[in-house]
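Shown below, as structure tokens, is a lone chain in the form predicted alone; questions about how it binds or moves come after it.
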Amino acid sequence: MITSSAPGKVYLFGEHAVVYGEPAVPCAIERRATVHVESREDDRIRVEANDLSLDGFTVTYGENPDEANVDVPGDLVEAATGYVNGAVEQARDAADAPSAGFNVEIESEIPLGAGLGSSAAVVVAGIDAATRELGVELSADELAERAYRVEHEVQEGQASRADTFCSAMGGAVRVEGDDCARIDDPPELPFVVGYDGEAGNTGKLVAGVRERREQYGFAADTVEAIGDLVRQGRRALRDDDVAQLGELMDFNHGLLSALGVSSRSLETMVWAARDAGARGAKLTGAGGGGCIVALDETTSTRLALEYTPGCEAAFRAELDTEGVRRE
């Protein structure tokens, strides 16, 4: 059995706009998805995922995951098997082993659908573990590329490279279209995450932004404004200007809210963090529920979020400088 893990992420800036080629800065955090992979004698795939839902699930399937019979919500099985199946297909392709079967066990510290990159972490770790189980070693760059192909297919062409590149590489990264690179020596980023216990529908939220952008010129301008903000944020990162980073996070949240991807619970957590003295606070990921991220080196924001109605969990999220790794 081979085991790999990969980190989740928060967006310092740029979610949604990155889909249209604008820049984004995601940052890996020390919360990981761990994937155990073992070859089996037939060509079937058995997935055991005890942390991806409240009750967990185990499912075995062949070429068509739709034939799986399991007593959990169908959309959860569809999402999990879609990403795992894509990771398996990439591993089979890399190892030239089209009939390889696997037992896959997933453990995750990253809430599913919360905007912290759970699917990217599972795919990156899954490809790494499965290819190594087949005797093939891939570079982090190739893992990122193959994981992006999986997310691009599962999300029907609406994925960016940001999540998968960040998960494969670790640290703070910049992504602009196909141009991806790590950011050298970022400043201390005292992330605090608040989680409302909900899961946003990424595909629906991305499609909603696309509709607004096509219908309204000012929505298209808002997407471009996020790109301009990210470019300013990259300069602030270079200058170690954490105060300006926080101010730009606040601006970024306002622009995302204008695009219709915030929610009542996210707004409540953002304002609780700001009222507690956070340098900046914004939603992270697709939105519609899930997580916010704030900058606060003190304990005030985390404590305030813990007492905020609708916040199910609050935790400090240190920058993870290591990407995918073998366990």
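In case it trips you up, residue 1 is the first one in the sequence shown, and so on. Quantities reported herein were computed from a predicted structural model and do not represent experimental measurements. Think of the rigid core as the biggest set of C-alphas that the two forms share within 1.5 Å after superposition.
Keep in mind that the form predicted in complex with another copy of the chain is not shown, yet the notes after this line are about it.
Contact annotation for Ala97: none of its heavy atoms lies within 4.5 Å of another copy of the chain in the predicted complex. Not displayed here, another copy of the chain is approached by Ala272 to within 4.5 Å at the level of heavy atoms in the predicted complex. Another copy of the chain in the predicted complex comes within 4.5 Å of no heavy atom belonging to Thr34.
Within this chain, His152 is remote from the site of another copy of the chain in the predicted complex, having no heavy atom within 4.5 Å. Contact with another copy of the chain in the predicted complex, defined as any heavy atom within 4.5 Å, is confined among 256-264, 36-44, 22-30, 293-301 to 256-264. Only one of the listed residues (Leu229, Val88, Val104, Ala172) places a non-hydrogen atom within 4.5 angstroms of another copy of the chain in the predicted complex, and that residue is Leu229. Only one of Glu198, Asp93, Glu142, Glu247 comes within 4.5 Å of another copy of the chain in the predicted complex through a heavy atom, and that residue is Glu247. Each of Arg212, Gln215 and Ala225 comes within 4.5 Å of another copy of the chain in the predicted complex, counting any heavy atom.
Relative to the superposed core, Gln90 shifts its CA atom by less than 2 Å between the shown form and the other one. If you fit the rigid core between the shown form and the other one, you'll see the Cα of Ala129 move by less than 2 angstroms.
The two forms, fitted on the rigid core, differ between the shown form and the other one by 2 Å or more at the CA of Ile226.
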